[in-house]
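This document opens with one chain alone, in structure tokens, the form predicted alone.
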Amino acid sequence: MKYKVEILQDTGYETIEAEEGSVLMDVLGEKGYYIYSPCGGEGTCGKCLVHIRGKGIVAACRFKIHEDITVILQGEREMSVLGAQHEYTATMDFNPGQPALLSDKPVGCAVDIGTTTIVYYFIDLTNGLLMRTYVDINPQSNYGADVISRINRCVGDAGAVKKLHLLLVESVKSNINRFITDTGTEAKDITAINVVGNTTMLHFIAGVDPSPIAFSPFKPVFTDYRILNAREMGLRINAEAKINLLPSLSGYIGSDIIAGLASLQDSLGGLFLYTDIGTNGEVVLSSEDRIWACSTAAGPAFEGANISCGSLAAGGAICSYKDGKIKTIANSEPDGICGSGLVDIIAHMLSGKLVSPEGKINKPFVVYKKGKSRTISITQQDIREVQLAKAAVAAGINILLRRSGYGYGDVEKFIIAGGFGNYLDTGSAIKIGLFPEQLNDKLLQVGNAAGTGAVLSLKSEYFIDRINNILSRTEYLELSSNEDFMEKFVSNINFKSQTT
């Protein structure tokens, strides 16, 4: 029996046929489609990722075709990021520990809970191979675009804490059921769930009131390693499975940042900057013996919120804008602008002098127009939102360098992690002043390092030692009480190169 495989990519689409049970990577390769696979299709790297509509992200070398499917291939930039991620990810001996002994076919689930999206990675604990990746919208989004909005809902309201907790639990249940349906895995074979996320999301998944994080002295209820009971949470998995919350540093530097740092190769060495920009902009400066970290209130602009035509990074979102040419996620009809597209568009406006260095525009800039009913544009308020967000990140970088005594010339690499950073055109980011021009030749995009860290924590029980080592060397800087922050923030509001 043969099935139809529809292939979507930047340059268009094609429909081909594939035999029942054939391996997707082989089918694509025979038709001349390049799939990044540094391990040569042996199944050990988990980088030959493609998006199958309705099924999520899969490793092409492990996926067998048993029905008609639509495959969305990565663009050149995504493949470049995957390559860097593979090159700079720490190599760990495969040693999953007790969870691998709880079933004949044990599967672990690594979860990265972001404020806007949640990513699920399902790992075969007999060999460490990636089985499925799913991306879900954080169902708490209706309660506010950022963590502070959601925390404010909980102040003095235990019912709100419970509701926001249950929303996350339902997402976990739904994606576990999705995996079971897609793969035929039995519930008893899911033997571990390891979770990373910002500190607020970890409180919510644990059912703990995060309110103290929002008020001085911004001290969370917990930052340590925590184990939750899967049965008590109502999860339909192995009765002995544990839900492990990886440790955080502070109220605004969560386990997503710490696990991301721990996922990087030791060989990076020297002095490097690390940033993950979402609704918060976490910035870390790491030397061989000391680490400094801070979190800036970047706001949700780079995730599409508070932007007049803003959108999540989903099908139809404008993710790239070059010389008037639009690219959307999944090559769908444009219906909004996600973070990477927003940065591109404003960089284009600066180059064309459609916006002043101070951020003023004469009229809204029309990005896309279809008939009389659909216009996607950039407004004056959108420009202001981006200025506030990029100034906060730039100020955080300035403060860490000043605190450490280093300058831009001492930095050997500037590592950009996270979903937004995955798609971001770094040239556009420098153009608007989000990243320092002085580090242009040192920028390195590594994809979702937090998710990589969560996966490594499933593959090796020794990964926690790397996390503990980072925590022991890190000094957290609270910017709300830093006397230099406002000065640096204001000096970076305009669209111009940063200075220390």
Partner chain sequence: MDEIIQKISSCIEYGKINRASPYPPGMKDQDGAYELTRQALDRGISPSEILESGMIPAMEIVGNKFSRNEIFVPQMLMSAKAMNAAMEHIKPFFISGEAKRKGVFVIGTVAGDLHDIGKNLVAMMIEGGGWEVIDLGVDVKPDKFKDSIRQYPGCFVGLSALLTTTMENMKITVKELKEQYPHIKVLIGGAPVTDDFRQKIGADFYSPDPQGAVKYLNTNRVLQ
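Positions refer to the first chain, counted from 1. All values reported here derive from a predicted model rather than from experimental measurement.
Although not depicted, the form predicted together with the partner chain is the subject of the following passage.
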Tell me which of 120-128, 170-178, 87-95, 353-361 has residues with heavy atoms within 4.5 angstroms of the partner chain in the predicted complex? 353-361
Non-hydrogen atom contact residue 216 with the partner chain in the predicted complex at 4.5 angstroms: yes
Even though the partner chain is not shown here, does residue 208 get within 4.5 Å of it in the predicted complex, heavy atoms only? no
State yes or no: in the predicted complex, is some non-hydrogen atom of residue 15 no more than 4.5 angstroms from a non-hydrogen atom of the partner chain? no
Can you work out whether residue 162 and the partner chain are in contact in the predicted complex, taking contact to mean some heavy atom pair no more than 4.5 Å apart? no
Would the partner chain be touched by all three of 380, 486 and 490 in the predicted complex, meaning a heavy atom each within 4.5 Å? yes
Option touching the partner chain, based on a heavy atom within 4.5 Å in the predicted complex, out of 221, 148, 326, 268: 148
Identify which of 287, 308, 375, 152 has a heavy atom within 4.5 Å of the partner chain in the predicted complex; exactly one of them does. 152
Residues within stretch 365-388 having a non-hydrogen atom within 4.5 Å of the partner chain in the predicted complex: 380, 381, 384, 387, 388
